[in-house]
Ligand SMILES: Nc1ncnc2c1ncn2[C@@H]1O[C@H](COP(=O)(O)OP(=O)(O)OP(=O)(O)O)[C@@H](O)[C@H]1O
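Listed next as structure tokens is one chain, alone, in the form predicted alone.
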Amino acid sequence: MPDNLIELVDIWKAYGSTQVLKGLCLNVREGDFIVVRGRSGAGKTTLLKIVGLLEPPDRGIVRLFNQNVNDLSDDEKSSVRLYKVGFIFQFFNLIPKLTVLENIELPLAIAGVDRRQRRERVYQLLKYFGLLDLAERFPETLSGGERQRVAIIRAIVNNPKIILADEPTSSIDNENSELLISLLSRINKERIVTIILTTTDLYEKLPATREYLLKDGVLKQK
């Protein structure tokens, strides 16, 4: 039985007087595709920020890769985010002045990969996912679906073990949503990448190994 990649134990988080998470618990194993459903403001983004080491909880234990992250320095947390966790945001977060190729290779540049290796890896991924013709285009020339697929490729370019996808289908149409979910499912199965995806859609059929509803600050398995 594989160890948990992610363990959240009794997680509490408040912003001012608003208590967002209330004793939340979650275990995620390698290869899981976890879907967290919940209405806007339920705390889904907060949950992903805590898992992705972007914010600490007020109380509770966060373990990633069998290590309590409270024991990590800021530099060590940054290294985990760079090499082991990929983020997909609701509004793409592509840099307008960079081409698709340059946007995708940015995490590699930050990681110190030389230019030739960066280009080679990015072109391989673009070709693999059928987006090679977008390499030299700028984000403003792309459709919403294309931007989100580029954002997915950027999220996996450093071969992370975990992808955190924050409402990735909310800004695109149904056809592109299906393409995006298909792409994430393919990455999950073929590359054995563990995925946590959040959505406000309470009924959309998704390729999840487990589904949860985030309500009143706690997760309930569906």
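This structure is a prediction, so every number in the text was calculated from the model and none was measured. Don't overthink the numbering: it's just position in the shown sequence, from 1.
Although not depicted, the form predicted together with the ligand is the subject of the following passage.
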Quick one: does S40 come within 4.5 Å of the ligand in the predicted complex, counting heavy atoms only? yes
Answer for Q90 alone: is it within 4.5 Å of the ligand in the predicted complex, judged on heavy atom distances? yes
Using 4.5 Å between non-hydrogen atoms, is R154 touching the ligand in the predicted complex? no
Using a 4.5 angstroms cut-off on non-hydrogen atoms, would E167 count as touching the ligand in the predicted complex? yes
Could you tell me which of 182 to 190, 59 to 67, 43 to 51, 155 to 163 sits within 4.5 Å of the ligand in the predicted complex, going by non-hydrogen atoms? 43 to 51
For the heavy atom contacts within 4.5 Å of the ligand in the predicted complex, list the residues of 191 to 222 involved, in sequence order. T200
